[in-house]
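Form predicted on its own, single chain, as structure tokens, below.
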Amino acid sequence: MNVAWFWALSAMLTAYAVLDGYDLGVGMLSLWVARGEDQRRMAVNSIGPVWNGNEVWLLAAGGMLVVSFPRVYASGFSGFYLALMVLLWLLILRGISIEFRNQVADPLWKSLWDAGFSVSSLLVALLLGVALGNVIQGLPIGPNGYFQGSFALLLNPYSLLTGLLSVAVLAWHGANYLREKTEGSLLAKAVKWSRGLWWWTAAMVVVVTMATFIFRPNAGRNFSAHALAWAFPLLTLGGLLLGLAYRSEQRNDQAFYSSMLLIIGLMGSAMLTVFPNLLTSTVDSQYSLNIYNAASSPLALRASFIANIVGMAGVIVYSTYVHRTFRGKVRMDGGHY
């Protein structure tokens, strides 16, 4: 059950990265790819019906962490408290930027909220990547199970690299989403940006992979022990190769699927790099919090796992319904066809 919970949480975080990832990517690119009021409205309308539902996966993962691995939740908040508060306010800023931009028909008003939407999306992607980098590299966790450091310590070279990787991957994912949902001049610019961002993404994947083996020398342990673990690095490579192959404007749907594969491959590889640890201690390995010493009781794990399956099934049904309802190209009035 401990292993099952580890992969359930990993799947929920991966779902968040895939779904809210294209929202963040569209937000980051909205000031640069979409020029003029018509194109920016189309970019916002492309994610309008789905962005708030996509964030449910992050909230659900955080909630499930409380009942499955409470010590990790407590330790993580002790170390990431300031970062999590900043993340929360950035998510709020993203939401109100989307909702407020059309409340007043004034160019300055709309420009203000467009800037808020773009900057907050960029910083959310960066912070999430920084957090993942710290989880992979390890944190100064002491014998009491709590973080022993400062916010500045989280902004180390490796975590900043993973933050830049997150920005690159999600920006490429967002460009591919715009390719799938828009047309005309905005589509042409999204294709152009997708081609350029592919190179940045590929370069960052290579750089961060090499840096991972430098900052975490035992990163390949699980991959050496389990042949099936190589499925995730192969998905990462496959996503990059397919993204290169689907550069033409006639392969927009396939380009979006390629960035989805890349995200799944990267998230799975990251999870396997740290497994069975959830938070690795850089002070002493015996202080690390893993799926066994940080877990709730077996009864709590079983009961919460059943509740999680039921709840997530509902979220999957809802998410599938919304995406199917609003599939197709977006129109200026917010509709789809």
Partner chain sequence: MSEAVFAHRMQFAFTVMFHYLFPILTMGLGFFIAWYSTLHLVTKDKRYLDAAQFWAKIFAINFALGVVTGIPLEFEFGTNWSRFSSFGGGVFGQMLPLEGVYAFFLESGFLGMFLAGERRVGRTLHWLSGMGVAFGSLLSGYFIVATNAWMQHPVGYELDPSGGVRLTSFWAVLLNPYAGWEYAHTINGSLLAAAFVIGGVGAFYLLSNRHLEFARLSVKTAVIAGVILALTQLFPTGDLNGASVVQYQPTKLAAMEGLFQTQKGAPLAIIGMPDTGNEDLIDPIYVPDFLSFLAYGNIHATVDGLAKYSKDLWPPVELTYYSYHIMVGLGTIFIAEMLMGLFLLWRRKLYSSRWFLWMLMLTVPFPYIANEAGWVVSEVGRQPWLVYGLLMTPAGTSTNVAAGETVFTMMGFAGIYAMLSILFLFLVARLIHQGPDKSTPAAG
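Residue numbers count along the first chain shown, from 1. No experiment lies behind these values; they were computed from the predicted model shown.
The form predicted together with its partner chain exists for this protein as well; it is not shown, and the discussion that follows is about that form.
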{"item": "Triple contact flag V56, G95 and E99 to its partner chain in the predicted bound form, non-hydrogen atom at 4.5 angstroms", "value": "yes"}
{"item": "G79 within 4.5 Å of its partner chain in the predicted bound form, heavy atoms", "value": "yes"}
{"item": "L87, heavy atom within 4.5 angstroms of its partner chain in the predicted bound form", "value": "yes"}
{"item": "Contact of V283 with its partner chain in the predicted bound form (heavy atom, 4.5 Å)", "value": "no"}
{"item": "In the predicted bound form, V322 touching its partner chain (heavy atom, 4.5 Å)", "value": "yes"}
{"item": "Stretch from 134-142, 240-248, 110-118, 198-206 whose residues place a heavy atom within 4.5 Å of its partner chain in the predicted bound form", "value": "110-118"}
{"item": "Candidate from W193, F232, F256, F147 lying within 4.5 Å of its partner chain in the predicted bound form - any heavy atom", "value": "F147"}
{"item": "Neighbours of its partner chain in the predicted bound form among 189-213 [non-hydrogen atom within 4.5 angstroms]", "value": "none"}
